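As C-alpha cells, one chain now follows by itself in the form predicted alone.
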Amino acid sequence: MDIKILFDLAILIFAAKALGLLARRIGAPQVVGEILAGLIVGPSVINLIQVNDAIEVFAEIGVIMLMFAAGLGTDLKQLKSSGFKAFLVALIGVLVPLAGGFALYGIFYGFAAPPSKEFYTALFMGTIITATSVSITVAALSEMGKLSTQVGTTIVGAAVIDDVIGIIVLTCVIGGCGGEGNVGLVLLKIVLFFLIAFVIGFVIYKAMEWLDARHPHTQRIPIYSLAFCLAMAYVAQRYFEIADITGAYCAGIALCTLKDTKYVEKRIDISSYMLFGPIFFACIGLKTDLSGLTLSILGFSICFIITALVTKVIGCGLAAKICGYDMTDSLRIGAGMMTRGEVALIVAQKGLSAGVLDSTYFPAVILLIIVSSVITPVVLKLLFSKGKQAV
C-alpha cells in the first residue's frame, strides 16, 4: 500500500469538513464547502492531491451510502398519501427539465443522433437537472408551518417520487451510453432488476424484522443492513449493468419501515458523515477542471442554471394545475421543486465515470446547487406570504 494515501485522506477529510462547516455558517449547503475543499487542494488550485484508485474507491462507497441513506429516509406513508397528484407532478417535473437540458446543450454545441457521445452528453445535461433536493424545501416549509398542508404534502411526495424517476432515467442513460445504445434491452434489465429487488427486498425485510424484534437497537442491525446495501449495489451493476446507486437506493427503501430504521440511518450516517461522504464530495472537487472554464462554458453555466430553475417551475406547476390546484398553489409547488443537491452531483459524477460528461461542466452543477438552495426558500416565503393561505 502506498502510505501517501493516509496523508491524502487526512488532508481531504480535514479540508472538506472545515470548508463544509464554513459554508453552512454563511447559509450555503455544506456539500458546497466540501466540493470547494477538493477543488482547492486539487490540481485546479494548489495541486496538493490528485485523484487515485484508493480515493476513487472511498468516493464510490460514499455515494452508495448516500443513496442508501436516502432510501432509508423515504416516508412510504407520505408517498402513498400524496398519491396520483404527486406522481404526475414528479413525472412532468422530470420530463420538462430533461428536455430542457437536452435542448440547451444542443443549442450551444449542436444536436446529435444516438448512439453518438454528443447525444448522451446532451441527455446527461438534462438528467442532471431532473432530481429535486427535498431537504432544503422541507426545512423552509417546516419553518413557515406549511409542511403538513396539501401543497406541502404534494411537494414532499413529488420530490420523493422525483428521485425515483430520476434514478430510473439515469440508469437508462448510463445503460444506453455504456452498451450499444439498445434502450429496449436496458429497459428490460431495469424491469427485471426492480422485480428481483422487490422479491429480495421483501425477504430481507422480513428477516431483518425478525432480527429486529429479537435484538432491537443493537449494532448487528445496521451492520447487516449495510451488507445488504453493498450486495444490492453489486448485483445491480454486475448482473443488470445498471447504476450501483440504484441497488443501494432500493435496499434503503426495502428497509425504510423497520422499527429501527432511524437507528440504522443514524449509524450509517456516522460513517458517511465522518469519512465516505466528505471524500465523495471532495473527490468531485478534485475532478473539477477550471482550466477549461472559458467564456463559452461560463455562458453555458448561466443558461444551464436558468433552464434548470425555469423548467422545474413550468413542469411541476403545469402538472399541479392539471391536478386542480389554482395558479398560486401551482406556483408554490413548482417553486418548492426547484432545489438541487446531492443527486445532481451524483448524476454528474456518473456521467464523468461513463466518459460522456466533461469535468469542465462541474462548475455549472455546483453553481446550480448554490443558486437554487438560496433562491428556493426566498421564493417560497414570498409566495406563501401573498395570496390565499395554503390548505
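In this text, all values refer to a predicted model and were calculated from it rather than measured experimentally. In this text, residue numbers run from 1 along the sequence as written.
There is another form of the same protein, the form predicted together with another copy of the chain; it is not shown, and what comes next is about it.
- Comment: another copy of the chain is not present in this chain, but in the predicted bound form one of 346, 64, 333, 357 has a heavy atom within 4.5 Å of it, namely 64.
- In summary, among the residues 206, 77, 220, 262, the only one with a non-hydrogen atom within 4.5 Å of another copy of the chain in the predicted bound form is 220.
- Here the marked residues 7, 227 and 274 all reach another copy of the chain in the predicted bound form, each with a heavy atom within 4.5 angstroms.
- Only one segment in the set 306-314, 274-282, 108-116, 164-172 has residues whose heavy atoms sit within 4.5 Å of another copy of the chain in the predicted bound form; it is 274-282.
- Looking at residue 270, you'd find a heavy atom of it within 4.5 angstroms of another copy of the chain in the predicted bound form.
- When another copy of the chain is considered in the predicted bound form, residue 13 lines it closely, a heavy atom lying within 4.5 Å.
- A residue is said to contact a partner when one of its heavy atoms sits within 4.5 Å of a partner heavy atom; residue 234 meets this definition for another copy of the chain in the predicted bound form.
- The closest heavy atom approach of residue 326 to another copy of the chain in the predicted bound form falls outside 4.5 Å.
- With contact defined as any non-hydrogen atom lying within 4.5 angstroms of another copy of the chain in the predicted bound form, the stretch 297-312 contains no contacting residue.
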